[in-house]
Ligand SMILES: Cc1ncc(COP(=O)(O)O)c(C=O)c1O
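The chain below stands alone and is given in structure tokens; this is the form predicted on its own.
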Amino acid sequence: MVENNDILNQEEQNFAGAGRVYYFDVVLDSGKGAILKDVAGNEYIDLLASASATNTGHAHPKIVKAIKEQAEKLIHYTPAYFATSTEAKLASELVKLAPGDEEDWMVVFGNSGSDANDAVIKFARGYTGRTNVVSFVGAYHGSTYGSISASAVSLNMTRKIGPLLPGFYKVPFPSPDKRLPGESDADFSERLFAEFKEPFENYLPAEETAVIMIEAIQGDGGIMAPPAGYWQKVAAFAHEHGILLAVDEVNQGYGRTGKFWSFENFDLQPDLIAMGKSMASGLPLSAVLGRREIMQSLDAPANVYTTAGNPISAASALATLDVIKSENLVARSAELGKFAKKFFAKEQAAFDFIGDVRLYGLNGGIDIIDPETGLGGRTSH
């Protein structure tokens, strides 16, 4: 029987460690639904969902069927030069997911969440004529130079690869551990919003800022969100100063939070929405939805990729939307999230190593702490 370490030891000679966050010594071989199987035949319940890229589970039969049928019809022709019927249909379906009237929105395709956030930066600068980009400490927006310049969740996303792109500024994220004892949502929001405004009052001209990039619920930062009132203050500030508001839904979108988009939990109206990961159930595909006038501010080839909108990925994306809708997965996430929240509240009361518990739909962050110090790390599912 093949063992996990046999393959891992061989791979180690060829695969650079910068390309993987190492969790367990496991080599995956197959998956069905929520169950994964490794090369040694061991089975696992997948709580990671391939970094939030498989919201419909593994090898869903409708999605597998769509991929097979498209592969037999047309594997690829670059949408950079010609439309394909599958990609064109997907574009028409995606604008329906935007808030408000679909006629007010347009879409552009990419290959990953990283280049989707790069596109957000490009279109924001193109539309506003401004250069500065504001994001939050704890954010993970991707690994390309634009998206990594907006990220602030690991020193290894900065260490030895700088200088990063100019014009990027980070503001504190209002994570739950910053809340003072007994502090109300309103007071907490006001205090952290004052910290948000400080750069704009001292060294960052609002009139030179193109976009504020947010994760309404931070993913890699720990599945954390501020009170809704905080995001409303940020959105009002952006609107007042002509700054675009962009929401990164790559990690938290497509039903993970009990809403289709995570920003719906906070009644936000973004100007730009980045998506990826689960939109094609894990096949390489990303997109940016933006208000029509913003998306018309740049001309080709400002955001052209040879394989963006690949027909097989597009077919998988269409099937993914069908599965989410027909199987009511957004409502299911919301309902099962309530069950999970009750379960972890009970466990939190029983075990002193469980710290803060945060659940948004079936998407959760649980702090595992040292009971004596109250300190520890975060894990998310």
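Only a predicted model underlies this, so the values are computations on that prediction, with no experimental measurement involved. Residue positions are given as counts along the sequence shown, with the first one as 1.
Note that the form predicted together with the ligand isn't included here; everything after this is about it.
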When the contact criterion is heavy atoms within 4.5 Å, does G142 count as touching the ligand in the model of the complex? yes
Under a 4.5 Å heavy atom criterion, is G110 part of the interface with the ligand in the model of the complex? no
Should V250 be counted as a contact of the ligand in the model of the complex, where contact means heavy atoms within 4.5 Å? yes
My question is simply whether D220 lines the interface with the ligand in the model of the complex - judged by any non-hydrogen atom within 4.5 Å. yes
By the heavy atom within 4.5 Å rule, which residue out of S189, S114, N303, T86 makes contact with the ligand in the model of the complex? S114
Since the chain is shown here on its own, which stretch among 166 to 174, 262 to 270, 304 to 312, 114 to 122 would lie within 4.5 Å of the ligand in the model of the complex, judged by heavy atoms? 114 to 122
For 11 to 40: residues with a non-hydrogen atom within 4.5 angstroms of the ligand in the model of the complex? none
